[in-house]
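Next up: just one chain, as structure tokens, the form predicted on its own.
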């Protein structure tokens, strides 16, 4: 009898081993966002994420803003505990995981709030021809000085304190979308849903890539906690970046799920 071959599902465990890193610096980017630098760093593709363990608290997914940094907004218990750490403290990191954004020149990038973090590497690598960036206020705009040195930047703020008054989607009216090879998007889900609707109306959904954030337990495609409706794709393994046309009839912008699997309205 021949040997039984069992297909792999998820990432091999040796590639997801927990590694201890030491915080080397903490940068206050905005009133609610900090960048945590650590050593050692990781080789990664723009848009990939890592699972970050705050000892004694929780493990949460975080996008890499550089090979040795995560940029974090304080929104819950785990991020609150992370904000209590200091240089010299240890974190646990597994990864990087996921597919990342396609790395192409001629990219239009659209960022909302802390969604600028996973898009930052694309800009800094010279792949973004134009960046649309939005935030609630001018004080919450991320990385603006360095990003404006690498690409053309258009700004929108909800309160009108910088750039166009209103959501970042308003900037799309000024953009010749068909001139770009691809459109990469990351931000709050309602904002991404509105962007995708605009891109679909312009016939550009198939050239767009959106980064989703979901609750994750394993990060390697085994537990199923990050599966999205209606097709059950796993954000950790099949994403976190998905083509826009594949999300048109998904849960994007409607709901996510909590740790127990119950729906939460976005």
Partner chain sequence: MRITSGTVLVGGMALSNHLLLAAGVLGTTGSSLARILACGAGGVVTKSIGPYPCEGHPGPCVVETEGGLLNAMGLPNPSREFEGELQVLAGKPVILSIYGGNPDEFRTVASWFAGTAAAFELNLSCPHAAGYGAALGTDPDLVEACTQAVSSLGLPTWVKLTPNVTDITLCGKAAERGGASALVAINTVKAMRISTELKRPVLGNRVGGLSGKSIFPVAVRCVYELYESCRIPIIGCGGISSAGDVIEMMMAGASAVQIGTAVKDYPCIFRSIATDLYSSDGVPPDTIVGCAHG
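Residue numbers count along the first chain shown, from 1. Note that the structure is predicted; figures quoted are calculated from it, not measured.
Although not depicted, the form predicted in complex with its partner chain is the subject of the following passage.
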Legend entry - Selected contact from 207, 34, 213, 237, since only one has a non-hydrogen atom within 4.5 angstroms of its partner chain in the model of the complex: 237
Legend entry - residue 265 within 4.5 Å of its partner chain in the model of the complex, heavy atoms: no
Inset, instruction - Answer with yes or no whether residue 217 is in contact with its partner chain in the model of the complex, where contact means some heavy atom within 4.5 Å. - result: yes
Inset, instruction - Decide whether residue 26 counts as a contact residue for its partner chain in the model of the complex under a heavy atom distance cut-off of 4.5 Å. - result: no
Legend entry - residue 225 within 4.5 Å of its partner chain in the model of the complex, heavy atoms: yes
Legend entry - Interface stretch in the model of the complex with its partner chain - options 84-92, 100-108, 176-184, 163-171, non-hydrogen atom within 4.5 Å: 84-92
Inset, instruction - Determine the residues of 27-50 with a heavy atom within 4.5 Å of its partner chain in the model of the complex and present them in sequence order; the list may be empty. - result: none
